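Presented below, as structure tokens, is a lone chain in the form predicted on its own.
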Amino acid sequence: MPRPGRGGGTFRSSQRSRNSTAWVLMAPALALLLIMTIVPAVYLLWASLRNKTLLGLTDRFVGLQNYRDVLSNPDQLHGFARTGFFVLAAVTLELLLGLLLAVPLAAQSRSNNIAATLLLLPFAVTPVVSALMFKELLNPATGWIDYYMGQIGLPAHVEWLSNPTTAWVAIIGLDVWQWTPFVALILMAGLQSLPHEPREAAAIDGANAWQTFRHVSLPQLGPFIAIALVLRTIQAFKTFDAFALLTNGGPGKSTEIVNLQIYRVALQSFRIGAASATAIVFLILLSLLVPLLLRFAGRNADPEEA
């Protein structure tokens, strides 16, 4: 008969062997993750503490001076404010319009399936192509938008990108056009997954369509709204292409957001240290905001915890 402890030792040895194999298999992915994320983050933090330039003319330790410059520079603070305004305006409109599109498209039919497929087209176009297309459409001399505005009696030859107000309308309009279908598809899938029994009970109790949606469907849709809100907010903070190609921060600096400021300081002024400090401050703000959004999403995903 085998000794009592021998089987346990064999099991532990086999377990250690499997664990070693798992670590060996994960090692390439972990190394790539380290190279692509941890190393750049450490370099960014190191550069933010130095007066470093791409040309190599200066490179000395300055401590927190770059951070003090960021937090005391009115242009930088206005860039953070403009970024927040863009995210708030764009994401709010996308959630509202996405919900308006999702409600009629949630019903299963052939026409709705075709419409849902067409909704993927703006989302499938790359941001650079979308920005270039919008820039041509908004051209006051040859663009379609001004032409058709004139045809229906509205002001024609509007200089969309030369006025701060209309420039913001153009940028937010581009973002809404491209990302509203993404929100609509999430909410449409949520509506299609909701149970029918609560709505049937509401109809038996005499509730009309609006009352059923307001008091039954919309609360149940909370987790999907939260998911769309979190994903779109994070993505909106990363927007760069539309601003760079449509307005390049103009007219003046009226549409210059943080991402564009970092690009200018790093790759036009070559001040890597100052750009790194701005990026770190921006990362800290996002690190404070994202957990709040995730907590909001989790609370809506589990209403009993609310």
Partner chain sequence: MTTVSTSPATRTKTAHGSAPKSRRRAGVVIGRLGLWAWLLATMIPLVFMLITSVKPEGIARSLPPKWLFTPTFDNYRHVLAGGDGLSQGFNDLLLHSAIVTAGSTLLTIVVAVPASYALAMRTFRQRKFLSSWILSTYMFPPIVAVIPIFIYAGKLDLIDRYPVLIVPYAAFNLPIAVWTLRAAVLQIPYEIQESAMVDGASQFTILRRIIWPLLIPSVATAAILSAILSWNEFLFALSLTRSEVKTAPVGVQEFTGMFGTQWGALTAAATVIVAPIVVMTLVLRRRIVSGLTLGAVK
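Between two forms, the rigid core is defined as the largest C-alpha subset superposing within 1.5 Å. Positions refer to the first chain, counted from 1. Since we're looking at a predicted model, the values are computed, not measured.
Form predicted together with the partner chain: not shown, discussed below.
Asker: Name the stretch, out of 70-78, 164-172, 84-92, 102-110, where some heavy atom lies within 4.5 Å of the partner chain in the model of the complex.
Answerer: After filtering at 4.5 Å, what remains is 102-110.
Asker: Is there a heavy atom of Tyr43 no more than 4.5 Å from a heavy atom of the partner chain in the model of the complex?
Answerer: So Tyr43 counts as contacting the partner chain.
Asker: Would you please decide whether Gly206 lies within 4.5 angstroms of the partner chain in the model of the complex, comparing each non-hydrogen atom pair?
Answerer: Although the partner chain is absent here, Gly206 would touch it in the model of the complex, with heavy atoms inside 4.5 Å.
Asker: Examine Leu292 and determine whether its closest non-hydrogen atom to the partner chain in the model of the complex is within 4.5 angstroms.
Answerer: Result no; Leu292 lies far from the partner chain in the model of the complex.
Asker: Contact with the partner chain in the model of the complex for Ile186, defined as at least one heavy atom pair within 4.5 Å: yes or no?
Answerer: Residue-level check for Ile186: yes, a contact with the partner chain.
Asker: For the stretch 220-236, I need every residue with any heavy atom inside 4.5 Å of the partner chain in the model of the complex, listed N to C.
Answerer: Result: Phe224, Ile227, Leu231, Ile234, Gln235.
Asker: With both forms fitted on the core, give yes or no for whether the Cα of Leu25 moves by 2 angstroms or more between the shown form and the other one.
Answerer: After core superposition, the displacement of the Leu25 C-alpha between the shown form and the other one reaches the 2 Å mark, so yes.
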